[in-house]
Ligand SMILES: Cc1cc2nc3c(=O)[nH]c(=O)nc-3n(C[C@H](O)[C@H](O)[C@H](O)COP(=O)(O)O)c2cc1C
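Here you get one chain, nothing else, as structure tokens; it is the form predicted on its own.
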């Protein structure tokens, strides 16, 4: 089978991406509006960018009418009417229903914290609250927003943020800065409304050694 993206509808391109790029880590992103109203929403087009400086990205698509989602509106630079800050929260698999609830399209300014039952907690360096239930939270300042199709329905956006402070649950990170995957108990996004956990893990050495490791 072969496909030419330009000949596919946007929904079909989206289905191929979310079904084939799996599993995807989930960023539960908390922001505040310019006048201080909190918002929290999940994004699975999310990843790290680099460690020097420590940066990450997430990708909120435009709304069906082409306007900015609340999260993008809030974390945009002050010159664009936003607060220019956000927090990426990594929650446990046990919280997956509350994560999914945060995707409810509420009116601007209404709180997904209240809807989902997640708890806002004060951040240290940025205005948006972090999520108290998160195992790991990265406070970020927005560095750049790349709009791949401004004003278009479902057009893409890349939000680049520099991490300025980190919160980790007690016992999650050891003295060598290794994160305990069992304590993290992260959940990943598959296609559609399917999710997966990270409880089945195996080790493979890097480089040539990977080819010399016996299978199984």
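Residue numbers count along the first chain shown, from 1. Small disclaimer: the values here were computed from a predicted structure and weren't measured.
One more form of this protein exists, namely the form predicted together with the named molecule; it is left out here, but the text below deals with it.
In the predicted bound form, does residue 183 have a heavy atom within 4.5 Å of the named molecule? No - in the predicted bound form, heavy atoms of residue 183 and the named molecule never come within 4.5 Å of each other.
With a cut-off of 4.5 Å between heavy atoms, is residue 122 one of the residues that contacts the named molecule in the predicted bound form? Contact with the named molecule, no.
4.5 Å heavy atom contact, residue 41 to the named molecule in the predicted bound form: Looking in the predicted bound form, residue contacts with the named molecule include residue 41, since a heavy atom lies within 4.5 Å.
Residue 59: touches the named molecule in the predicted bound form, heavy atom cutoff 4.5 angstroms: Result yes; residue 59 sits at the interface with the named molecule in the predicted bound form.
Taking the partner as it appears in the predicted bound form, which of 158-166, 145-153, 62-70, 173-181 has residues with heavy atoms within 4.5 Å of the named molecule? Single hit among the candidates: 62-70.
Sole residue of 115, 132, 103, 78 within 4.5 Å of the named molecule in the predicted bound form, by heavy atom: Among 115, 132, 103, 78, a heavy atom within 4.5 Å of the named molecule in the predicted bound form occurs only for 103.
Heavy atom contacts to the named molecule in the predicted bound form at 4.5 Å, residues of 122-136 in sequence order: Not one residue comes within 4.5 Å of the partner.
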